[in-house]
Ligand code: NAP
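Only one chain comes next, encoded as structure tokens, the form predicted on its own.
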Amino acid sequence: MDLNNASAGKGKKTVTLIPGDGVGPECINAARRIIDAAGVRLAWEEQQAGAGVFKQGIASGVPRETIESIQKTRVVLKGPLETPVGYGQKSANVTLRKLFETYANIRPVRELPGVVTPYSGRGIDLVVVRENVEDLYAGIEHMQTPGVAQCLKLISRKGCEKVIRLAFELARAEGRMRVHCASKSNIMKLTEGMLKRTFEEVAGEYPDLEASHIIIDNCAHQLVKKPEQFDIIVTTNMNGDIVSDLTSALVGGLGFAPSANIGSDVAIFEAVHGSAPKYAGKDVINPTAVILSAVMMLRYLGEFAAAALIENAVLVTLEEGKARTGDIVGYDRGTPTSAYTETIIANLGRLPQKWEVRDYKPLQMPQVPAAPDLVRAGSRRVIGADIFVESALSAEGLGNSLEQIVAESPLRLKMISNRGTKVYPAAGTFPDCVDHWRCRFVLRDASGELREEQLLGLLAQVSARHRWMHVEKLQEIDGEAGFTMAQGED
């Protein structure tokens, strides 16, 4: 980590401060006041992102001035950003994470004093480490037919390795003993399987830590059944988004859920919750999640003593229960945000009676080669192609048409699938088909290799009769099939 970010003079570290939308400014103000009261020497560089920026006509929601500030400071504390409906495009939150390659989302979840849940007394203390850039969140979507949409699920070896190594390094930094990899690799054997295979390879470099794989749905089941068994869970982007919200609910909800978006060059710290516009300006919101996100930021900056000072003050405040926000006791009688902040400041220097702050060490960022082609094949061969066709024909009708097209071709039609299930040649089943067909062509000569001109010729022949939307080459990479079979395909 580069802790020597741009300085505002007198030894202060500079942090880009984004107040955010809705309740964001109130939460950020609470965190900033507590940090200042703790005596941390930070210089704040306030910038904008979110709804107000969208309204200025900036489609990303992130203005150039904010980007330049982050490029300089490398550290961001931000409030929640609204993604408006009807204007703007991508989420400004996601834009910031992607622009600065903050590839790991770290979401600690810990039982807190005075926050009563059905799990109180179970000792929940875990971290979800979520890959933060790729997977379905790459947001690459296309309408395939008027009634069928597609979203590409992109999983890379590089993305997996970076987030997995970070999960193991985080375990060491926080004195944890177990790392679970949660995936859906039993179904998505190439994409989710990439995470599992990478985890199993990297785990051998951390013999001091217990490493286990778990199917993501079982992970969710176990989190509800016995959450205290987990230390760190590393998973893909979509899975991590879901289970991290689940884990937050175990300890009291999103008002207590801090997070960090960590990359090799930039770190962005924010609460998990949204902008909650209906509570904005009413002095009723719970700022704990943002305050604890700021604590994570201080540790990232090497300010371990100040981080412990503030976290202890939060724990004392919750333990004594004299100041309790509306999300805990009801907004009609909850402690105002400002008074809750004052109570935490008054408790600086005190220690809770029954709760301890974990002993943290500096986080060692993983080093993964930057080359785009991190994985290089020893051999590869194209043996056919899947052509995706739009057609209102039946499976039998489309199959007969395609069989005629390739009758004199070096390629043969192996099968047609619909939504992942083989429907041609018929297998005596009764699938409910849509107008989106995957048509798999393979070389008649199983030892040959498909040439580009053969594929282009096939596409020309198919397009003379049918509308097609995209094509995927069927590759063998190092002797292994680089594609999956349809349900029912031999």
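It should be emphasised that the depicted structure is a prediction, and the values quoted were computed from it without experimental measurement. One-based numbering along the sequence shown.
Another form, the form predicted in complex with this ligand, is not on view; read the next lines as being about it.
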property: Listed range touching this ligand, judged in the model of the complex by heavy atoms within 4.5 Å, from 268-276, 171-179, 355-363, 196-204; result: 268-276
property: All of 32, 65 and 303 within 4.5 Å of this ligand in the model of the complex, heavy atom check; result: no
property: Contact of residue 163 with this ligand in the model of the complex (heavy atom, 4.5 Å); result: no
property: Interface membership of residue 129, this ligand in the model of the complex, 4.5 Å heavy atom rule; result: no
property: Residue 80, heavy atom within 4.5 angstroms of this ligand in the model of the complex; result: yes
property: This ligand contact in the model of the complex: residue 119, any heavy atom under 4.5 Å; result: no
property: The single option of 114, 399, 263, 255 touching this ligand in the model of the complex, heavy atom within 4.5 Å; result: 255
property: Residue (of 285, 318, 104, 234) lying close to this ligand in the model of the complex, criterion heavy atoms within 4.5 Å; result: 285
property: Sequence-ordered residues of 327-347 touching this ligand in the model of the complex, heavy atom within 4.5 Å; result: 327, 331
